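In C-alpha cells, the next block holds one chain alone, the form predicted on its own.
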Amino acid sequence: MFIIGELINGMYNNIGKAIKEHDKAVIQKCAQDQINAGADCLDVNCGPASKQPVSDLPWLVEVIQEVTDKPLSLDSSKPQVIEAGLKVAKNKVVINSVTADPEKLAVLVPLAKKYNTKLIGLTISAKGIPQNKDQRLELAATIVAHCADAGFPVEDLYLDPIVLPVNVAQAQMKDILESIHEFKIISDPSPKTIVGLSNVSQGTKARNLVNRIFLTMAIAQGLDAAILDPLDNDLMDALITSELILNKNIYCDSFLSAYRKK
C-alpha cells in the first residue's frame, strides 16, 4: 500500500497558521511525524489559509525537502499552483489531481509528462459527482483513454472513485468499493487505484472506526494507495493486518512493528 499522509493541509488550524506565518518548524515536524508513522508520500495542500498559493506551495515544497526526500503529492485544483510547486520539487512528485473534464486533462496530463510525475485522476466531471458504478467506470475510462492517447504511462495513473460520506451516501458505498476492483480491468497495463479516505467518515461520530473498516474493505478490493492520517495507530494497524491476511507480507509475531520498520 502506497500511503500518502494527509496532514500538511492548510485546512488544519496548526498548518494554516504555519503557512500564514511561514513557520517552517511546524511544517517540518508534521512531515517527519507522518513519515515516522509509515507515510510513503506527503500530500501538500495550501488550503483556504493561503491567499497566495502560487508562492506558498513552492515554499511548502522547499521547507519539506529540507527534512525528507520522500515523494510529495502536490494538491491543488489550479494547474498554475501545481506547476509552481513542480518547478522547485527535487523529490518525486504525484500531481493531485485531474478530473475527467477534457480541458483539465488537456492541461494536467502534459504537465505530468513534462515533469515525469505520477497523476491522480478523479472520476468526476463538470456534470458532478457520479451516482453509481457505471458512471464511475465511464469517467475512469475517459481518463485512461486520454492518458494513453497522450503517451502518459497508464501504470503511473491512480484512479480515485470519489469516496462520499457514508452518512449521506450510504447506498453508494458498495458501488464505490466495487469500482476499485473494476478500475483495474479497464486497460492493460492497468491503472492503480487510490481513495481520499477521510471523506468516508466526514460528519460521522465514529470517524476512526468508519475509516478503518472502509479501508480494510477497499484493500480487499485491490486498493493500491490511500490519502490518510498515518498518525491514527489503529488505522495503520488495520492496514498492515489487512495486507498480511491477503498474503502481501510475511507473518511473524511482531508483524506490526516489523512492517513499520521496513
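Heads up: residue numbers just count along the shown sequence, starting at 1. All of these numbers come straight from a predicted model, not from anything done at the bench.
A second form of this protein, the form predicted together with ligand THG, is not displayed here; the remarks below concern that form.
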Residue 11: touches ligand THG in the model of the complex, heavy atom cutoff 4.5 angstroms | yes
Indicate whether residue 43 is a 4.5 Å heavy atom neighbour of ligand THG in the model of the complex.
-> yes
Is there a non-hydrogen atom of residue 96 within 4.5 angstroms of a non-hydrogen atom of ligand THG in the model of the complex?
-> yes
Contact test in the model of the complex: residue 120 vs ligand THG, heavy atoms, 4.5 Å = yes
Heavy atoms within 4.5 Å of ligand THG in the model of the complex: which stretch among 24-32, 56-64, 233-241, 197-205?
-> 197-205
Taking heavy atoms and a 4.5 Å limit, what residues of 46-85 are near ligand THG in the model of the complex?
-> 75
